[in-house]
Ligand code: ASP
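So this first bit is one chain, no partners, the form predicted on its own, shown in structure tokens.
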Amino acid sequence: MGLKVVKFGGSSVADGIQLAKMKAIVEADPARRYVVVSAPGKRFSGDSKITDLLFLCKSQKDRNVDYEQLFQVIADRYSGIMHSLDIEADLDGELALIKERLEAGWSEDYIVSRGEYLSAFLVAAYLGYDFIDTKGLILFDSRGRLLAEETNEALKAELAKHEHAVIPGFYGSQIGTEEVKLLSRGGSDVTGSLVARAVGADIYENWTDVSGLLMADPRIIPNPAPIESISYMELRELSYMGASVLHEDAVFPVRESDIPINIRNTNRPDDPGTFITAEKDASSCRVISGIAGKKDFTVIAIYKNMMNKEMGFVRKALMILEENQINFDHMPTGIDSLSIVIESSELDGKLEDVLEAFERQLSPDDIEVFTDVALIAAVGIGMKGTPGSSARVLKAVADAGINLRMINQSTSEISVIIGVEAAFFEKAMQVIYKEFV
């Protein structure tokens, strides 16, 4: 039978209708013994996520703005879920305690975490499963960094006591204290992954509102093909470009334990979704698994004669970025040139200082800055060892009359990344997709 950990995102627990679907999914397979849930998400366009409402509620309280009406909206969401499903639980008591602690000035992390806490509290009662609080189980150090091994041991010990359990996502606590700490947005995916690792799950199912991953953004490519199977390595490359429905940090705990992830659709439970595995499905004949891209990059191109002979040139350039607390994304080089690709938001208010430091410390012959650059990645293990894969990407773009600002390919050969002017982003995505699919 095996063992499955199932995680349901905000859209899957948004109201009573969605929770009824969730219950049917859980009860359809006895292997689904551990359930991780997010806070209720949007029920319709224009609706608010509970997490956002809790952030706002805390903000209003801290600014001495009346938050009573907003808190009542949150309470009504949960009350509506409870009554529509005839759940028996002391919701009023839980809400009163949260409001009391909000008045007492408890931390933002604590207040915001109550979205997941109340969601799991009600779902546990609805399913008849045990409720397990992640405070004291998902552990952070004093700097807010997740303690992976300590978390694994704590979860393993606690979950072993429960045959079936519901666990709230998104938060834990600082080790040795009662102080609640949040994971980053999308952190419920990470919680599910940590639970899957701790119980040695055979599969980690991540239920959301899409039937797995698609080969491209449907806002750019009409009806893109679904991805039936993809490797962790390929997913990491695509996630970096923002193409994943899964929080990218959620990959690592299950990858270490070789646990497959199955992305499924709560609204279409019979769809097989996408399997994410350690190795690519050998039966797949596709050269690429997906195409993804992002806009708003800046390229700083530094030129200097005999750069390759100057010891420490690249180190000095990177130290300048570090001193200005700027992360870079790519750094393609030539014998006398160095291009540094940086998300434009990283350079906000810092570009002139960085350029002055480059001029002063590197003494370049010339520096050029290209703004409004978009990056596009064609990703696939099938590219490895397949002659002409990169050439096909470049030819498709060239035939469309699109000029390249950058080309970068790692020695792993599973991705080719190109930079184009943002105005040609969508067109470049379309011609690359057409070339391969």
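Start at 1 and count along the sequence shown; that's the residue number. Being a predicted model, the structure only gives us computed values, none of them experimental.
We do not show the form predicted together with this ligand, though everything after this point is about it.
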Contact label in the model of the complex: residue 35 to this ligand, heavy atom within 4.5 Å | no
With the partner left out of view, is residue 39 within 4.5 angstroms of this ligand in the model of the complex by any non-hydrogen atom?
-> yes
Heavy atoms within 4.5 Å of this ligand in the model of the complex: does residue 207 have any?
-> no
Is the gap between residue 188 and this ligand in the model of the complex 4.5 Å or less for some heavy atom pair?
-> yes
Note: this ligand not shown here; in the model of the complex, the stretch from 47 to 55, 63 to 71, 366 to 374, 382 to 390 having heavy atoms within 4.5 Å of it is 47 to 55
Determine the residues of 145 to 174 with a heavy atom within 4.5 Å of this ligand in the model of the complex and present them in sequence order; the list may be empty.
-> 170
